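A lone chain, given as structure tokens: the form predicted on its own.
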Amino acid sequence: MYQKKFEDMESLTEELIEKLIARGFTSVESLCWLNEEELAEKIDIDQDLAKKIISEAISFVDQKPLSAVDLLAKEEKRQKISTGSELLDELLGGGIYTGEITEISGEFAAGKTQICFHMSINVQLNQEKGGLNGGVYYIDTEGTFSSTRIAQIAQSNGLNPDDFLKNIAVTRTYNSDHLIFLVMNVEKLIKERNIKLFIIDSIASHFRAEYTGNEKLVSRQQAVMKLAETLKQLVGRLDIAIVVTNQVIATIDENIFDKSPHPALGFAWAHRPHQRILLRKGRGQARIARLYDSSRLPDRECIFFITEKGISDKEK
């Protein structure tokens, strides 16, 4: 369901929205707890307008629960995009789902970006071939996007590269503020270009570079949470799949039992993705994908391969 924002309320002007934000109000729901006297005092308006604002806010909040049966029916209508590997699709319950945020993490050259490249082609195919007849918006934070590689994957699979490259919109970002700005203003682009797959490669790059030291930890968490909540709102109201890649960091705390590499950005990000995949290198072209912390599937692993044709179940 679409989550209403201050900008959706007819009773609020830009000036009043600025006043609400300045006084610490962050959502339409935060207005529902007040009475008109409290709101009038906090943002310096008369009580009649305050009452109107509160009434409109309450009308925006969905108070009717859905049955679990209704939710199941809603989930079963979600569409899927193939990764290019039947085994990897099976690991994910059929592919990458719309209405979900899927995180793909792993060390350098583990295959994160290669999966994104292949999916940028697959999403443009029809449903019978594992696609959604949709476009792609690709935010590149590390300068690793390669039209040449995508063209190679398309051509190796008997497709015309130009037909697919023209449906991939790419933006290179250089700092976290730019990234957040793009995500907060992406909805118009998604509708105009029939975007079905929104990729951020990678989500951690800017934050790790800009917010260094313990004294910046809180501000980094706040920025990451703002970005994460915006992404969750997008998949909640638009029929798209969001895929983000993430870097991994080593554990150096001797008191922690599991010292294997784990995704960056900590707890501020950890519980936002619906599906989380951790990749690691195997022998040669082989890669091992481990699904964990999934909202609907058990932890499990599979092996796939990265070849000239992209993501595959067979080694070249």
Ligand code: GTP
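Residue indices: 1-based, along the sequence shown. Note that the structure is a prediction, hence the values are computed from the model and not measured.
This protein has a second form, the form predicted together with the named molecule, left out of what is shown; the following refers to that one.
- Of the candidates 173, 221, 157, 114, 114 is the one whose heavy atoms come within 4.5 Å of the named molecule in the predicted complex; the others do not.
- Among the residues 233, 79, 152, 167, the one placing a heavy atom within 4.5 Å of the named molecule in the predicted complex is 152.
- At a distance threshold of 4.5 angstroms between non-hydrogen atoms, residue 294 is out of contact with the named molecule in the predicted complex.
- Although the partner is absent here, residue 107 sits close enough that one of its heavy atoms falls within 4.5 Å of the named molecule in the predicted complex.
- Within 4.5 Å of any heavy atom of the named molecule in the predicted complex lies no heavy atom of residue 299.
- By the criterion of a heavy atom within 4.5 Å, residue 287 is counted among the residues contacting the named molecule in the predicted complex.
- Heavy atoms within 4.5 Å of the named molecule in the predicted complex map, among the stretches 205-213, 158-166, 144-152, 84-92, onto 144-152 alone.
- Residues of 293-314 placing a heavy atom within 4.5 Å of the named molecule in the predicted complex, in sequence order: 306, 307, 308.
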